[in-house]
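Quick heads-up: it's one chain on its own, the form predicted alone, in structure tokens.
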């Protein structure tokens, strides 16, 4: 058994499962603040019912995110001890900032939102919803700072030699705002908005199809569609900016995204296809020079391809190509669903479009799938590096943890997480089926 592969699979499992929940809390936090803001402004009891219902969904999701996030911190020390030693000085700062400045802010004011409705004034209650949303965004920022430093390290120096070598911060703000932080943060946050928005859209469509809680569902659907449209269109810009950053700072990853093998040649944009790794080509449909045009405005401009890098320094091309293109395809589908909803909303016939409401029922799965695929494309595309051009993945794994122990814990985590997912799905379904009636008007 390969220790490195097992350690990677275990971390991929734990972080993939954890990453189901933070995007939902971020997106729901934005909608919750908007709903409570309208309740404060208008005094309409409907907005209060909406706020209280979605606050309970957010609270459940936040709890699951906390429970699953703690595990990853321990894995750094167990399975990735050499990596932790190398990046400890760098990672300590953003992870501490996330805990002290963001997590406690979000959790404290979430307690006010969940239990303090009748114990604080309406203005303070509204401010609490705003601070919950702000804390969730701030938490995401510091986590992305840490991860982005792995992609594009900056503001550091290497001290020590050999196995004792480690990265040490010399410029804190250069580390924080490394070349990929802002692009990756905005792209991730907008994806989180989509997750929250389409969950609201999905539940609202369910109520309308069942002819239950119709006033609540109609209002919630409008909130969800408004954020869904904003987020989906914004992804065009944030995704483009993120890709420009990848092409500039991680050319091997960009070459893998388009399976561009030529050492230096104009790059096509593949609309659909699969990678023939043996023959180093893509079979499918592509627009010649379009990737070059999107990068530089010139369809004839050469782009560095995979053959410019030694085989041992290339990422797994097929996996990166597939996950990235699936993410983009889902993103375009989300734009279509958002535009359709807003189109019929403006025509005043949204709630009569049964076919569209049926499409909205499973739509909450699409942003989650896109988030997972985007993360996989980013992380697999960085391979074979844990810290880009500094520390290889094979060098970061713990040397004293046997493969059998990792396999056992991987199987155990799989069973535990399957159980946790069933519990979350059951509790969420129970809240949705019960509906918003228990919220006091």
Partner chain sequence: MSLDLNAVWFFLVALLLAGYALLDGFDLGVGALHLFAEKDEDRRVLLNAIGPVWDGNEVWLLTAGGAVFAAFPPVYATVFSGFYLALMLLLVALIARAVAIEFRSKQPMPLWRSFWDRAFAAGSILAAVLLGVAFGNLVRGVPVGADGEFAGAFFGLLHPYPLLMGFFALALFALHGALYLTLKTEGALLEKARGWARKAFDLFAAVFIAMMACTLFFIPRIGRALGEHPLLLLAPLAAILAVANLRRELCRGRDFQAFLSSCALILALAAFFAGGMFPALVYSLPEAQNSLSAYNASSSQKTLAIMLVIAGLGMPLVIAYKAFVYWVFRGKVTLGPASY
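Positions refer to the first chain, counted from 1. Note that the structure is predicted; figures quoted are calculated from it, not measured.
As for the form predicted in complex with the partner chain, it is not shown, yet the points below apply to it.
Candidate spot 108, 408 and 420, all three in 4.5 Å heavy atom range of the partner chain in the predicted bound form?
Yes, all three are in contact.
If you check 309, 91, 345, 206 against the partner chain in the predicted bound form, which one has a heavy atom within 4.5 Å?
Among 309, 91, 345, 206, a heavy atom within 4.5 Å of the partner chain in the predicted bound form occurs only for 91.
I need to confirm a contact call. Of 214, 171, 313, 352, which residue comes within 4.5 Å of the partner chain in the predicted bound form, counting heavy atoms only?
Flagged contact: 171.
Whether residue 122 contacts the partner chain in the predicted bound form should be assessed with a 4.5 Å heavy atom distance threshold; does it?
Because no heavy atom of residue 122 falls inside 4.5 Å of the partner chain in the predicted bound form, the answer is no.
For residue 376, is any heavy atom within 4.5 Å of the partner chain in the predicted bound form, or not?
No, residue 376 sits far enough from the partner chain in the predicted bound form that none of its heavy atoms falls within 4.5 Å.
Given that the partner is absent here, does residue 64 sit within 4.5 Å of the partner chain in the predicted bound form, heavy atoms only?
Judged by the heavy-atom cut-off of 4.5 Å, residue 64 is in contact with the partner chain in the predicted bound form.
Can you tell me whether residue 13 touches the partner chain? I mean in the predicted bound form, with a 4.5 angstroms heavy atom cut-off.
Result no; residue 13 lies far from the partner chain in the predicted bound form.
If we take heavy atoms and a 4.5 Å cut-off, which stretch out of 285 to 293, 326 to 334, 93 to 101, 230 to 238 is in contact with the partner chain in the predicted bound form?
Among the listed stretches, the partner-contacting one is 93 to 101.
Neighbours of the partner chain in the predicted bound form among 392 to 416 [non-hydrogen atom within 4.5 angstroms]:
Residues within 4.5 Å: 398, 399, 400, 401, 405, 406, 408, 409, 412, 413, 416.
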